[in-house]
Ligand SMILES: Cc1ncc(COP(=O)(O)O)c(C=O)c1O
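So this first bit is one chain, no partners, the form predicted on its own, shown in structure tokens.
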Amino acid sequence: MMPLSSERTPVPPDAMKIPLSAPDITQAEIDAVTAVLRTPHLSLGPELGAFEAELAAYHQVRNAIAVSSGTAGLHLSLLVLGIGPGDEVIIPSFAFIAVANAVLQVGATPVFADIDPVTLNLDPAAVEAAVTLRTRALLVVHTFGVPANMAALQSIAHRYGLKIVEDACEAIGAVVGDGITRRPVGSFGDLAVLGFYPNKQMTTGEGGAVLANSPPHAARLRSLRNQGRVAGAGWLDHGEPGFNYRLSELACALGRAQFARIEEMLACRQAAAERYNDMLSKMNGLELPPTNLPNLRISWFVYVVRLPEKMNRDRIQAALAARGIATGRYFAPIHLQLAWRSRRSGAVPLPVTESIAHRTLALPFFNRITSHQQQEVCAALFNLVAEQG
């Protein structure tokens, strides 16, 4: 049997026969983008307004403001909510580094709180323990498309007078509740952010959006994303310093064509997750992602398994890569990364984050992954785990 330290020549990431992710682009998307190129409107045109209206209606909020990335959306959300120097924002460390970077961008201090061992979202008890007199906001990530415990987090925010920003960049289409209580993720916070990078459930290439119920918040978001321009005034009239966080008409047209298929794409991902569950359920020691959580609909962003504690995740990942199978380390804890180690003044313990993070392995997962591809992934993983066991 081949050892884990395989002598096969490493396969470059772009040459993987089974990629970690892949956008789902059809002729409808190609036609939509091509149609925009035949118009004089490549920025701030009708596709932008239509895309924003569709996003707002789907999420049951009054406004959606399209921006150049989810990271830009986080930055603007904190600015609009008045978060700045001297303020603390509670965030997870088990997340993409943009959540911490955005807090720093506005001059505030990120405070890491531990996560729930099942959902991998912020643990409400850990959040409440992290609240200080300087805490101004919670930045709640719906990790891997699993809705966070918004009822508990909203209760904490209410008790301490805190703002909530939902990072729903991984969770478009996720739902909390059922029947008349049914609410989409992104409709709970003061503001919420979506992301449309190519590895997401749907894509605009690069792009994101901020969801806002407050008209003043929405107006300021639209101004800030467009260099602080004053609505209804001239192109060279600026009410405050802003940013070029606009999303192009091409991206919006692509997003609209993708969004028209959102339920179909979510169903494809749900089916792929269920196939993985069936194939991997008998593998000893492997922890699978949560599935049938009560009163929640997961929007499957990635499929992440947890290896047994004794396994060497990096060796397994390298051996899969040698077989042409791409995997991912979701997530390397932010507080342990080189860029953040010097910033850990007053750090609190994060035992759940640190225990889980070094065991997680994201398997190839995208809208059109085939059962055959999944079988190949699972067979390779089974052999490698058996070797280490």
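Residue positions are given as counts along the sequence shown, with the first one as 1. For clarity, every value in this text was computed on a predicted model and none was experimentally measured.
We do not show the form predicted in complex with the ligand, though everything after this point is about it.
A.B. asks: With the ligand left out of view, which of 211, 74, 122, 247 would have a heavy atom within 4.5 Å of it in the predicted bound form?
C.D. replies: Spelling it out, the residue with a heavy atom inside the cut-off is 74.
A.B. asks: Looking at 115, 98, 89, 254, which is the one with a non-hydrogen atom within 4.5 Å of the ligand in the predicted bound form?
C.D. replies: That would be 98.
A.B. asks: Flag residue 169 as yes or no: does it have a non-hydrogen atom within 4.5 angstroms of any non-hydrogen atom of the ligand in the predicted bound form?
C.D. replies: Flag for residue 169 set to yes.
A.B. asks: State yes or no: in the predicted bound form, is some non-hydrogen atom of residue 197 no more than 4.5 angstroms from a non-hydrogen atom of the ligand?
C.D. replies: Yes - in the predicted bound form, heavy atoms of residue 197 and the ligand come within 4.5 Å of each other.
A.B. asks: Although the ligand is absent from this view, report whether residue 207 comes within 4.5 Å of it in the predicted bound form, heavy atoms only.
C.D. replies: The answer is yes: residue 207 has a heavy atom within 4.5 Å of the ligand.
A.B. asks: Any of the heavy atoms of residue 141 lying within 4.5 Å of the ligand in the predicted bound form?
C.D. replies: Output for residue 141 is yes: heavy atoms within 4.5 Å of the ligand.
A.B. asks: Pick the stretch from 224-232, 264-272, 182-190, 161-169 whose residues have a heavy atom within 4.5 Å of the ligand in the predicted bound form.
C.D. replies: It is 161-169 that comes within 4.5 Å of the partner.
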